[in-house]
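Just the one chain here, laid out as structure tokens, in the form predicted on its own.
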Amino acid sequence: MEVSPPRHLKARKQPRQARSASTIDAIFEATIQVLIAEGTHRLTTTRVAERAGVSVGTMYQYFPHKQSLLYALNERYLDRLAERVEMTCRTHHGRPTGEMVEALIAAYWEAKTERSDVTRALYSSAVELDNEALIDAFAKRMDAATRAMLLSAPNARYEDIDLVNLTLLSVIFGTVRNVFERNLPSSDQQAICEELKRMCLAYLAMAGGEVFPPIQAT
């Protein structure tokens, strides 16, 4: 994610060699494990270092305190999520709107549900962070990717593509977050996912997208 973090959250240095990158991977995975097991309030750099199998000194070389660690972890998560959605949008350029929407929702939903415990832990950890710029950078990437995809659909005629795109993403992101915050069972999650697809398709048809048949329940 190309965004400068607040000065007090900035990592001390970035990994430049494969060994350093492996160390960062171990630190991030250990951070996730501590978050899941003990929560944000009990997370410390010492606990993370112990679980990652690195010294506190090594940890301090990269992250001076837990806030900078959590910021870097959220940055990596959002960057990988953005890359996943961007790839989905690129591969669906020129496809029917219905296929675009199904693929977009599936990509975002799957990214969030592959490790549901991680998603919940990161939602919780972000509360303590000054991450407005990070979220804004992520949102801009999503806006650009989905906007370009929607406009490439055959026979799409949107009067206000920016508003339509913003509404679409707000509905998708908000629905997924609500599912996690309420910790709904998997059966309800799947049912809501199907309803979300129907709702988005109906909205896009009304807003100027091409006409397509109703989605079939799976």
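Remember, it's a predicted structure, so these values are computed and weren't measured experimentally. Heads up: residue numbers just count along the shown sequence, starting at 1.
Keep in mind that the form predicted in complex with a further copy of the same chain is not shown, yet the notes after this line are about it.
Although a further copy of the same chain is omitted here, in the model of the complex all of His41, Arg198 and Tyr203 have a heavy atom within 4.5 Å of it. Note that among 27 to 35, 145 to 153, 184 to 192, 44 to 52, the stretch whose heavy atoms approach a further copy of the same chain to within 4.5 Å in the model of the complex is 184 to 192. For Thr91, no non-hydrogen atom is located within 4.5 Å of a further copy of the same chain in the model of the complex, even though that partner is not displayed.
a further copy of the same chain in the model of the complex comes within 4.5 Å of no heavy atom belonging to Ser68. a further copy of the same chain in the model of the complex comes within 4.5 Å of no heavy atom belonging to Val56. Proximity of Ser124 to a further copy of the same chain in the model of the complex: non-hydrogen atoms within 4.5 Å are present.
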